[in-house]
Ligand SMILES: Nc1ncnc2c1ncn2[C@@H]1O[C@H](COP(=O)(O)OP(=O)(O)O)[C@@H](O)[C@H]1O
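Only one chain is included here, represented as structure tokens and corresponding to the form predicted alone.
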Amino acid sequence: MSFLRINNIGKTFLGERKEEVIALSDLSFDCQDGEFLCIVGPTGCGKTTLLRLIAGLEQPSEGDIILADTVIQGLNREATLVFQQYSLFPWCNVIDNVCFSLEMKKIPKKTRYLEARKFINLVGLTGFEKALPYELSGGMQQRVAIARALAHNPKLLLLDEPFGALDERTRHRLQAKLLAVWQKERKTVVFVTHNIDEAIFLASRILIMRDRPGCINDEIKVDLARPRDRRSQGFLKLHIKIREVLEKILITNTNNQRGAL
């Protein structure tokens, strides 16, 4: 049985003039327990909307989201969403940011600090427990956000382009760190990105979305051994394959726009 099932999801919004805007339509896929699933697609195809639906921050207009055989209705307390923006509390130091969900659960301070330090160490920030967010680099802040998400102990970790604002070298380091955390914790991960290289480096499987409205266009299993060499022939061939699919989606959208004029 699939751990996460997305069944014929649709999402419609009201536009500025009260017209209906169909963001997602007839979108379906499964995700297995412990899988690292990446989703790529053109800007505006509904990737972030999909994550918000899975997290229960918004509700689908149609279809069901099922996690561990339970239909998600309202806020999904078994999932944690990490945004591209770090979303840290600026008045709290690292350990108190990581402890936030544990504090909300009324866990005693000594116990939650012990638990938080485990995840701070896991993301490589031991020694920075007392630092405030403004004293950290962007990459370090994002590691705090990931540690905080893990401390919540979610069944499902959702990441919305968490490394998109970082330089390439920092992004590569954090990709490797995230993989090390995933291999240790074996959380189920759904990771949204625009970056093809990032998706191939991280994913067990890649879903490619198309837009107008958003739905799954292709599914690609990544069979490359880990750790992955970005310069290998297998990596480069997969990169070209995904890029060609995205280019076809772009050409189709352009032709459709011209036909509508």
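All figures in this text were calculated on a predicted structure; none of them were measured in a lab. We number the residues from 1 along the sequence you see.
Form predicted in complex with the named molecule: not shown, discussed below.
The contact residue chosen from 44, 234, 63, 34 relative to the named molecule in the predicted complex is 44, the criterion being a non-hydrogen atom within 4.5 angstroms. A residue is said to contact a partner when one of its heavy atoms sits within 4.5 Å of a partner heavy atom; residue 240 fails this definition for the named molecule in the predicted complex, lying far away. With a 4.5 Å cutoff on heavy atoms, residue 217 does not count as touching the named molecule in the predicted complex; it lies far away.
The named molecule is not drawn, but in the predicted complex it has a heavy atom within 4.5 Å of residue 48. The closest heavy atom approach of residue 246 to the named molecule in the predicted complex falls outside 4.5 Å. Considering the named molecule in the predicted complex, the lone stretch of 218-226, 195-203, 36-44, 66-74 in range is 36-44 [heavy atom distance within 4.5 Å]. Residues of 13-29 placing a heavy atom within 4.5 Å of the named molecule in the predicted complex, in sequence order: 13, 14, 21, 23.
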